[in-house]
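First comes one chain, alone, set out as C-alpha cells in the form predicted alone.
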Amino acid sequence: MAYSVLPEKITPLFSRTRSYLSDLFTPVVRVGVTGLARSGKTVFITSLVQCLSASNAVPSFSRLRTINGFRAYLEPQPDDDVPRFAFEDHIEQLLSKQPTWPDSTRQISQLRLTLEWDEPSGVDRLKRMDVTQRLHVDIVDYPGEWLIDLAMINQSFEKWSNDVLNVLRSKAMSELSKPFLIFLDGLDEKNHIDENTAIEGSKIYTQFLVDARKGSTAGNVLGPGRFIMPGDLEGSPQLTFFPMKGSASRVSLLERRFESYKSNIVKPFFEKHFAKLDRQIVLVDVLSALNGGAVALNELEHGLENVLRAFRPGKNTWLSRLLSRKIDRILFAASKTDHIHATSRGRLEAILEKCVMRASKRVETTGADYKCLGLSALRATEDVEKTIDGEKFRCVRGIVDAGEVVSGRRFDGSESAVVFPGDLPADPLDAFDETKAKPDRFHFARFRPPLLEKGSAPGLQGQWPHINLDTTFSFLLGDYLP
C-alpha cells in the first residue's frame, strides 16, 4: 500500500522540480524589433507569433518541418516594469469581419514566446530533465524614433542646434519648417529663454516634426524622438526645449533641458533595454522613400547611417563601452513588399542593401553581421498581370484603403482594385540618381488587411499569407533550433 501512495506524492514534486530546472537552464534570446513610424512593426510581431503558435501555420515555415513535435506558446511577461505587447488585441483586430491595421508603436513593449520541441528518438528525456528542448524568445518592440536620439549623446546643445537648423533651412524642409523659423525670428534677442517660451517653442517644433514625417523622408531622421513618441513622458519638462542659436546665458534653460534629456531619457533606454538585445530586425519603409525620388532615398540612407551607429558602435564610443553583450545578427527588412509585383521584389532588396552598404561604409563600426530582405508579414495583395493596348503590366490586386486615389478614382475602403505600382530599376544605383529617379515616379497604394477566415479552433482556417516571414524567422532564430 505504501508503494502505491508514494508516487502520487512524489510525482507533483518531481514535476515542479523539473519545471524549475527547465526554466533555470532554458536559454533566452532577446529580439529587438524597431523601425520608423508606419513601417509595420506591430503587424510583424503579431504575424510572427500567430504563425508560430497556431498549429495550422507551422508547415508554412520550412525550418520547422523537420523538428519533431515543435510547438510555441506565450508565457507571462518576464519584466514587470515593461508593458506587455497587446498580441491578443492586435490578432483580434486582424481577424475581425472588417479587419484594420493595428496602431503604430508609441512606447516600448515586450512579449515572451516559448518554443519547444521533442527530443530525438532514443534520448532518455528523464535523464535530460527536459532542459535542452526549450527556448524563450523575448520580443522587445520599441519605436525607431528613439534610436535617432543616439546621435545627440556626443553632441553639445550648440552643435545639435546648428545641425538641426541647417536641415530646417534646406530646400526640402523650408516650407514645413516655416512656422517654427518664424517663431525663432520673432523672439526678442535681448531676453533669455524663460519657461513659457520653452514650452511654446517645443510645441511648435514638435508640430514641425510631426508634419515633417508626413511630408518628407528627411523628417524621419530628425529628433528628439521622444517629442513624437513621448510614451509616459508626455508633459515632462525634459521635453520642453528646441534648437536655437544664441549666447550661453540666453539659451541656458534650453541647454539644461537638452542635457537632462540625454542623461535621464536617452542613456537609460540604451542601458536598460538596448544593451540586452541579442538579435535585431529593423523594418524600413523603402517604398515611401522611392516614391519621393532620389532625394528622399538618399535621406533614408542618412537615417540608416544613424541606425548603424547604434547597432554597430565604434571601438571607443560610450555605447561600445556600455554593451557587455553584442547584437550578432541584424535584419534590415523592406516592409510592405506585397505592394509591388514579385518581379520587382528582388530589386527592392537590392536597393535596400545598397542603402545599408553605403551607410555602413561611412560609419566606423564593429560588430554584427546584417542581411537585407523584402518582407510582408501579412500579405494584403496578389500578383496579377494586366494588358493594355497589347502591353503587359505587372500589377497587384487588393482592397484599396479608404481615401486612396488610384487612376483618378478615390476609394472608400470596400472595393478591390488592380494597381500598377511601376517597375523598380534593374540597377539599384539608378534609384539614387536624381536625373533618373524623380518624385512620384511610382504609385504605391495603401491596402486594407485581407479578410482572413477563422477556423473552428483558435486561429485560421487556412495558412497565414505572408512574404518571407519564414525566412526572417530562420535568420533571426534558426541557429537556436535543432
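Predicted model, so just to flag it, every value in this text is computed and none were measured. So that there is no doubt, residue numbering starts at 1 and follows the sequence shown.
From this point on, the text means the form predicted in complex with a small molecule, which you will not see here.
Proximity to the small molecule in the predicted bound form holds for none of 52, 115 and 470, with the criterion being a heavy atom within 4.5 Å. With the small molecule omitted here, the record of contacts in the predicted bound form names 104-112 of 171-179, 387-395, 253-261, 104-112, defined by a heavy atom within 4.5 Å.
Exactly one listed residue, out of 31, 424, 419, 36, brings a non-hydrogen atom to within 4.5 Å of the small molecule in the predicted bound form: 36.
Residue contact check for residue 338: one or more of its heavy atoms lie within 4.5 Å of the small molecule in the predicted bound form.
Taking the partner from the other structure, the small molecule in the predicted bound form has a heavy atom within 4.5 Å of a heavy atom of residue 377.
Residue contact with the small molecule in the predicted bound form: residue 431 places no heavy atom within 4.5 Å of it. Proximity of residue 43 to the small molecule in the predicted bound form falls within the 4.5 Å heavy atom cutoff.
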